[in-house]
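The chain below stands alone, shown as structure tokens; this is the form predicted on its own.
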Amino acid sequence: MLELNGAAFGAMQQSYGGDTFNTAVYLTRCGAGAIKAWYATALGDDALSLELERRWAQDGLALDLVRHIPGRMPGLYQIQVDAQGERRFSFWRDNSAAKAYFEIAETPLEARIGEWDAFYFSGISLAILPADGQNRLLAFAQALRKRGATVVFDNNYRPSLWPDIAVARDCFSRAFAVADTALITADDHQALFGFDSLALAVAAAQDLGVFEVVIKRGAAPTLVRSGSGPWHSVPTQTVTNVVDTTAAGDSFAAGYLSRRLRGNTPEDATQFGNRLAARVIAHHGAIIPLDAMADLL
């Protein structure tokens, strides 16, 4: 999506981003040439869409899964960041091209189902789609997992993107059922399922039944478990000057997956994800300059 970052009715910086997009870019950077990331979405045929695609190619993403839909436009969001670096989002994406990705008989993503080793999607991926698109995405994920690919679901929950909390709860539950790795932001889990405390949300996340689960709890240690193994508590990195928390979870996901896909243990992957997220929130914007994280790669 197009991004506007700044105060209402004040100067704004134009950029681009989005949760799964941010993860794809950071995954490409962290993959050290061993991981190739495709990004599946839709754009229009307007100048902004074409410029976005040009820049995405510079970010290192493979883009042959992108659909171009005449007459559609990219989505738009505005971020306002407070003095503590926390974000508030406003979205304009009801008619965005990405919402129509599945409005053909077979998408480029589905047509090449036999090629993918891993598939990553989020709660926002589901939120922007109509019901048929949600069903298609979840069926695709289930078929991939059945074939032996890794299916990763990140529980990013934005209430304003959902028409009804019951619909969101049902969709997330179905997503957990088809995933073999779940990346859980604890306060999102609490907000969606209405737990009275963060501790109850964490306990519920630990009992999801997903093979591999990572539970992010802000500055508190991250919890991770794979299979029937024990839960591990992995400390986060101390950040003395939080500038912008945009893409904290997205970059964590990329760091974690970049290590797990190359065979590192869940604990090692969590530690690297925390290091990368700490670096990202010390800078402005969703995608920080490459040289700002070069020492981590």
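Since we're looking at a predicted model, the values are computed, not measured. Numbering starts at 1 and follows the sequence shown.
Not pictured, yet referred to below: the form predicted together with ligand ADP.
Practice item. Could you tell me which one of 122, 181, 185, 96 places a heavy atom within 4.5 Å of ligand ADP in the predicted complex? Key: Comparing distances to ligand ADP in the predicted complex, the residue within 4.5 Å is 185.
Practice item. Heavy atom within 4.5 Å of ligand ADP in the predicted complex: which of 136, 145, 217, 174 fits that? Just give me the one. Key: Of 136, 145, 217, 174, the residue with a heavy atom within 4.5 Å of ligand ADP in the predicted complex is 217.
**Study point:** 239, 249 and 277 all contacting ligand ADP in the predicted complex, non-hydrogen atom within 4.5 Å
**Key:** Yes, all three are in contact.
Check your understanding: Is there a heavy atom of residue 281 no more than 4.5 Å from a heavy atom of ligand ADP in the predicted complex?
Key -> Yes.
Review point. Can you say which of 6-14, 20-28, 283-291, 269-277 gets within 4.5 Å of ligand ADP in the predicted complex, counting heavy atoms only?
Key: The contacting stretch here is 269-277.
Point to revise | Heavy atom contacts to ligand ADP in the predicted complex at 4.5 Å, residues of 141-167 in sequence order | key: Counting only heavy atoms within 4.5 Å of ligand ADP in the predicted complex, the single contacting residue of 141-167 is 156.
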